[in-house]
Structures are given as C-alpha cells and as structure tokens.
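Encoded as structure tokens, the following chain is the form predicted on its own, with no partner shown.
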C-alpha cells in the first residue's frame, strides 16, 4: 500500500466516499473552482464511478488517490494526475480542517515520486492566481511558474497561473 511517513495514500475507492465528503464539503474548498465538487456521499460515489471508467482518450490515464492520516485513518483529501505519455497534469484537493500541517505537501511529493516511477517527468498544474496556499504548495515541491501555457492542461481556466516541474531534477527537501 502506498504510504508516506504520516499518510496512507490509496487508489480512490468507494470506501473513501464518506470521508471525502466530510473533509471536502466546505465552501472554502471550492473557493477558486466554483464550489465543492461534490457535497453528498451519493454524488461522491457517482464521481468515483466516473473516475474508475477512465478517460475517453486512449493516450490518457487517470490516477486518483485518497489521502488519509496513518494515526487515525481520517480522510484528508485526494491527489490526482492525468498522464499523457511522458507528461502529466497534477491536482490536489484537501479539506480546511487539517490545513497548515504539511499533509498536502507530503501527498503531492509522494505523487511526484509515483509519477517519476511511471516514467512521467514533465508535470503541469493550473492554479487560480488568488489561491495563495495552493501556489505556495506547488512552488514548495519544486514547480516553477510559467509565462504561458505550454501544454493543453485540462483544468486551465482563463487567467490561471500555470506551473511546470521537470521531474528529472532532484526533489526539493520538505520544509
């Protein structure tokens, strides 16, 4: 089972639905994306089913992982990536109740390492320019802001900042 020092990171499954809704059904979670993605357990189950079906495009692969604390099993959020051969778009969503403890950073660092192990070495992310915590996290794990969108990043919205990581470089030390 994939893990970090403090986290259990598992492929997204129906067993995570209730915990994800509890962690993420908060207005602040979707402040920069149009609101929480799902707010009921039933809707979360539907979303898990949709993600399990995978993409319509043969060159895409969806990777979705629930993130929980080792110590008590509390679901904190998720990390995900869409891979396109040798590059990927990454995203993450964590609830506000446990923010400020480095859990999201730890999980995203795990995701970067996991993608490296799959041979994916160019990573992209799109972030709303007012989402300071997310910008700080993505820069902390080694991404650099780009002057323009260099790949067709699906989550990009007009005005977003785009970030790129050359995952062949050594990873920054957590801090």
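Keep in mind the model is a prediction, meaning the values are calculated, not measured. Positions refer to the first chain, counted from 1.
What comes next is about the form predicted in complex with a small molecule, which does not appear here.
Note on contacts: among 150, 133, 54, 119, the single residue with a heavy atom within 4.5 Å of the small molecule in the predicted complex is 133. Here is the short version: of 61, 140, 47, 114, the single residue with a heavy atom within 4.5 Å of the small molecule in the predicted complex is 140. Contact check for residue 33: a heavy atom falls within 4.5 Å of the small molecule in the predicted complex. In the predicted complex, at least one heavy atom of residue 29 sits within 4.5 Å of a heavy atom of the small molecule.
For residue 104, a non-hydrogen atom is located within 4.5 Å of the small molecule in the predicted complex, even though that partner is not displayed.
Although the partner is absent here, residue 66 is not a contact residue: none of its heavy atoms lies within 4.5 angstroms of the small molecule in the predicted complex.
Look at 39 to 47, 120 to 128, 142 to 150, 66 to 74: in the predicted complex, residues with non-hydrogen atoms within 4.5 angstroms of the small molecule sit in 120 to 128.
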